[in-house]
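Okay, here we've got a single chain as structure tokens, the form predicted on its own, with questions on binding and movement later.
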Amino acid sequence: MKPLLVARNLRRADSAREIFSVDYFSLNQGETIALIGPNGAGKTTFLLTLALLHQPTSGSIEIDGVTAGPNNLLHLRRRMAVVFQESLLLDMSVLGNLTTALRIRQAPRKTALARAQKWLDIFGVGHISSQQARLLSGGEAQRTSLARAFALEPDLLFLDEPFGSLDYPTRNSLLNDLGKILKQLNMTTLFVTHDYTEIPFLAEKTAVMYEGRIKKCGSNQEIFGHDFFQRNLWSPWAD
């Protein structure tokens, strides 16, 4: 498979510490990788750096063979969408949240309306398109946030623990729906989670991050075939 995203010698540090240092990481076209690790491992910062929302201290990121830099950041960012644990919806209607995002990306008004309604329907919230976002339940808000991301028709999707604030039944329902959509679209996705039970719904490959390093990356069978269900989850790669 052709790599859509490639990071080389990527590092980010602040004045106090190094947050992550990754020699090589790639996402192939149509691939979904789950990124797991303990709190403080650097998962979210790594994701935001790959999504071109944080600037690396050093290293390079290539999107479809094009190296990201000051002259093309906006263009490359418009090939991506990011969904966070908090839905971060605007204080307007559900439909307005999607059409506003599409209009910012220069979609004609008629196209924006049609595409927004299509994705709200796919995620099961089309019937509340006129409702104000601030009145939504947690599950409705996250479905709206995901619909907004998919309406942008990104080449790359980044998910940062998008189910962390949801109750168990709501989370499972959304995981099932999202997993089916990702497979149907063959969407290239990086999915950060602290809950490895979410991984089989969305990803067939997992990368393990520990203390800012990717210690192992492989198929779910390769990663979860280890005996860490009976041991500390992170000990096999902590050395």
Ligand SMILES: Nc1ncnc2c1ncn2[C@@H]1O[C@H](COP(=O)(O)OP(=O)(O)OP(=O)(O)O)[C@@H](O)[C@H]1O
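Residue indices: 1-based, along the sequence shown. This is a predicted model, so every value here is computed, not measured.
Form predicted in complex with the ligand: not shown, discussed below.
By the criterion of a heavy atom within 4.5 Å, residue 171 is excluded from the residues contacting the ligand in the predicted complex. Put simply, residue 179 is far from the ligand in the predicted complex: not one heavy atom of it is within 4.5 Å. The ligand is not shown here, but in the predicted complex it comes within 4.5 Å of a heavy atom of residue 194. Interface membership of residue 40, defined by any non-hydrogen atom within 4.5 Å of the ligand in the predicted complex, is confirmed. From the list 40-48, 182-190, 55-63, 24-32, the contact stretch for the ligand in the predicted complex under a 4.5 Å heavy atom rule is 40-48.
Contact check at 4.5 Å (heavy atoms) against the ligand in the predicted complex: all three of 12, 19 and 161 pass.
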